[in-house]
Each structure stands twice: as C-alpha cells, then as structure tokens.
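Here's a solo chain for you in structure tokens, the form predicted on its own.
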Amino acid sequence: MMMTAEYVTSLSIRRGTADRKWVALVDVNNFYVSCERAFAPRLIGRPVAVLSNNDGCVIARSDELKALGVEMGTPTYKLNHLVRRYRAVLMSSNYALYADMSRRFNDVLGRFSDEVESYSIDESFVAMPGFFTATLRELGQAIEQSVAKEVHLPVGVGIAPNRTLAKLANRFAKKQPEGQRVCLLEPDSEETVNLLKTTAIGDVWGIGARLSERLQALGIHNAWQLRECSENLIKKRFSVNLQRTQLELRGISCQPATQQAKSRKQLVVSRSFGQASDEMLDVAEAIRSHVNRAAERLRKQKSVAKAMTVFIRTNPFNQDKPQHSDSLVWVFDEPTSDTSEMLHAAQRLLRRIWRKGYYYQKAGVQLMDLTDQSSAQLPLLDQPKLAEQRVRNQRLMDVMDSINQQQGRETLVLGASRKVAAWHTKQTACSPAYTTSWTDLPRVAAR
C-alpha cells in the first residue's frame, strides 16, 4: 500500500459526491511515553512514567505502568519499589521534544487533508469531505501506518460525521491491536448503537463530572440514552451545548469539521523552582526567562499585550518558614510584543513586590488584554524617532525568533543569564532534545 502523496491522490480520485462530510480524530497513544520510546526502543514493553515539573508526580503512564495500578498524579517517591521490582523507568518531562514531535505528527496529517486542526499536543481533527465510506476506512489505515512509519508514534483514528462521534470512535480505536486502530462510525449503524449503549455518560466529549451527575439523576446513564432523550427536556433543563451534543450523537454536525484556533486573550508563563531561593537574582533570572518565553509565544500568535502582571510566592505547604505572595500589574503605553520593553517593566515590578528574608518557590508573568497585532496602531502624535525605534526592535525580535526556531529555544535571549540557577526546574532523568538541539543529536560511532 502506498503511503505517499501518490496514495493520497489515488484516494482523491475515488471521492464521492455524497452530502455527508466526515471528520477524523487522530490521537497518539500515551503521547509523552511514546515520544520517549521513539528514540529509546529499550523502553518498549517496560513500565514507564513521565514526571511533572521538578519530578514531583506522574503525568503520563505506559500501559504496563497502568496495569500495575499506578494512577495519574501519584507522587514519585511512591514508585521506588516498582523501579526495583518491575524495572520501571521514571523519565523527567522533555517538553521541547514533545512539542517538536507534535509538529511532525501534524505534518504527516497535513498530507492527507487540507484541513487539520491541532486540538491538543497529542490529538488533531482532520476534515475528510466527500469520500466514499469504504475509502474512509482505507484512508484511516494509511494515516495510522504513515504516522507509525515516519514519526514512530502509535495512533488511533476515529472517523465519523461529526467531532463528538469521532471522539467516541477514537476511544474504541485506541483499544484495538496495532495496525487495526481505525474505527468508522455511521450514525445509525449497529456498531454505533452498540458503542453508544456501552459508553458511560461521563465519557461523552464535553460532559464533566457535575453535568454527568445531573443527567444520571434523570436516568440518563449512557450516550445512547442521551441521544434518545426528549429534546424538550434537554432544552428546558440544560444549556445549548448539551443540545448540540445530543444532535451530534444522532449524526447531525453542529460545528465545522475543523475550525481556526482562536488567539488567546491572556498568556501565562510560570514554573515552580527546583529549589526555593531567598536571592533576588535567582527570582529575577526566572522572571527574565518567563518574559522571553511569553513574548515569543505572543509574537507567534501575532498578538500584542496591553498589560502584564508579575507574581511571586513562597511555598504555601512549608509552614515552617514565613509566607509571602504578591503581584503587580504594568499597563504599557501602547500594546506591545517587544521583549525588551516587557523586561524593563518586569524588573521594575519585581523590585516593588520583592521582600527580603523569604524563600520564594514560584514566579511567573501573565500577559493580559491581548489583541491582534495588525489592529494595534501607533498614535498619530508619535514622534518619528520613536516609531523608527519600534520598527528596529520588531526586526530584532523577528531575527531572534527565527534563530531560536532553527537552533533551539533560548539560543538567543535578552538579559543576563546565569548557567546554573536555583530556580531551574529539577530534571534528574531528562532525555536529550533529539530533534531540536544540535548537541543532542544521536551519535553513531564508526568502527
């Protein structure tokens, strides 16, 4: 079977003229763990946990670790006996690697459709308009095999007329053996009815714990019962969102197969320190790093910020030491995405909220009231020299972003940087950044 552009072209020839539009949800199994295994095959078959910032607790688990009863959020110290007894592997989170693997995953999907929406780091919706049903299943298999071959990630592919059913189809597909993780749901098929009857109401996309309890109190315990429930009852007692979910369970699409991601209205970058510090230089260095990162993200989504908050806090769980937390807001003269301007404001805010004698455990910045970059106009009374300076600064930011994208995060930053700082996140078992750092490229020794 061809997996290249020629294969996609051959499928395109067999597109139908049916009035139904289809959407696929492609989701990577155990994404963080799978990214680690893609470069370390020795981890395949072993219990693997990926840990949170500062290696505090479990945020991702392999199937082998789940089988040992390890839950999400389990503190790391409780896993020591599994390392000794079952040769479990504990990995520090490597977000640079995961983000790049997500980009490569979406690049593969982009060859199968012109409309791909990255819903989260490990799953994407793919529009599939006008294909015959038999072709859809074949296309799903091609997607699964292409991602496995080119990015070495295992995926499940759920295909349905709308996003809600595609989510359910994907849940079923991911449980199937490798090479068969494709599920196609037609609205009134026997397979769809059986799946809806065995899907708990809390497992339906968009239905949280509280809403699930309210529905169960009305005798609605599974997805099929919600589908067949009185429309008037849902309309009278619940929001329009649940009405849409009910219609989608019936096969009616209430939202586009894919949709443009909306720009954020605020942007937060913060992190707990690897070691609490009472040194202002440590906290200032953390703030500097966060400002650089936040400004870069802001420019990536082509936005500018009207205001910024800087906040610091001690560890609220350490009652043996004095506690302090504070924050201040800076309103810029004009909306900006200039890192240097934000750094200047952040330094002034930090000096005002800093209190000597406290051990700070977390710091961060929040960019607020974000607007589209194109809509931010300079005042008519701006001086020509000021306008020219802003143009030069924007060019500098563009160059920095380009170099950092090619050479790796923080290759170029503004502000002083100390190589070793107490605020740096503790990562005792972090894998190399195989795909984003030249120094971490795998080496093959010649014999």
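Throughout, rigid core stands for the largest set of C-alpha atoms superposing within 1.5 Å between the two forms. Model, not experiment: these values are computed from the prediction. Just count from 1 along the sequence shown to find any residue number.
There is also a form predicted together with the DNA; it is not shown, and the following applies to it.
A.B. asks: Answer with one of 341, 123, 144, 285: the residue that has a non-hydrogen atom within 4.5 Å of the DNA in the predicted bound form.
C.D. replies: So the residue touching the DNA in the predicted bound form, by this definition, is 123.
A.B. asks: Name the residue from 129, 187, 206, 256 that puts a heavy atom within 4.5 Å of the DNA in the predicted bound form.
C.D. replies: Partner contact (heavy atom, 4.5 Å) among the options: 206.
A.B. asks: Specify the contacting stretch among 191 to 199, 147 to 155, 206 to 214, 347 to 355, defined as having any heavy atom within 4.5 Å of the DNA in the predicted bound form.
C.D. replies: Contact criterion met by 206 to 214 only.
A.B. asks: Mark residue 57 yes when one of its heavy atoms lies within 4.5 Å of a heavy atom of the DNA in the predicted bound form, and no otherwise.
C.D. replies: Residue 57: yes, in contact with the DNA in the predicted bound form.
A.B. asks: Counting only non-hydrogen atoms and a 4.5 angstroms cut-off, does residue 85 reach the DNA in the predicted bound form?
C.D. replies: Residue 85: no contact with the DNA in the predicted bound form.
A.B. asks: Is residue 300 close enough to touch the DNA in the predicted bound form, meaning at least one heavy atom pair within 4.5 Å?
C.D. replies: No, no contact at 4.5 Å.
A.B. asks: Looking at the partner-bound form in the predicted bound form, is residue 104 within 4.5 Å of the DNA by any heavy atom?
C.D. replies: Residue-level check for residue 104: no, no contact with the DNA.
A.B. asks: Is it the case in the predicted bound form that 119, 240 and 270 each bring at least one heavy atom within 4.5 Å of the DNA?
C.D. replies: Yes.
A.B. asks: For the stretch 75 to 90, I need every residue with any heavy atom inside 4.5 Å of the DNA in the predicted bound form, listed N to C.
C.D. replies: Going through 75 to 90 in order - heavy atoms within 4.5 Å of the DNA in the predicted bound form - the hits are 75, 77.
A.B. asks: Relative to the superposed rigid core, does residue 186 relocate between this form and the one not shown - that is, does its Cα move 2 Å or more?
C.D. replies: No, residue 186 moves less than 2 Å.
A.B. asks: Could you check, with the core superposed, whether the Cα atom of residue 113 shifts 2 Å or more between this form and the one not shown?
C.D. replies: The answer is no; the displacement is under 2 Å.
A.B. asks: Superposing on the rigid core, is the CA of residue 326 displaced by 2 Å or more between this form and the one not shown?
C.D. replies: Shift at residue 326: 2 Å or more after core fit.
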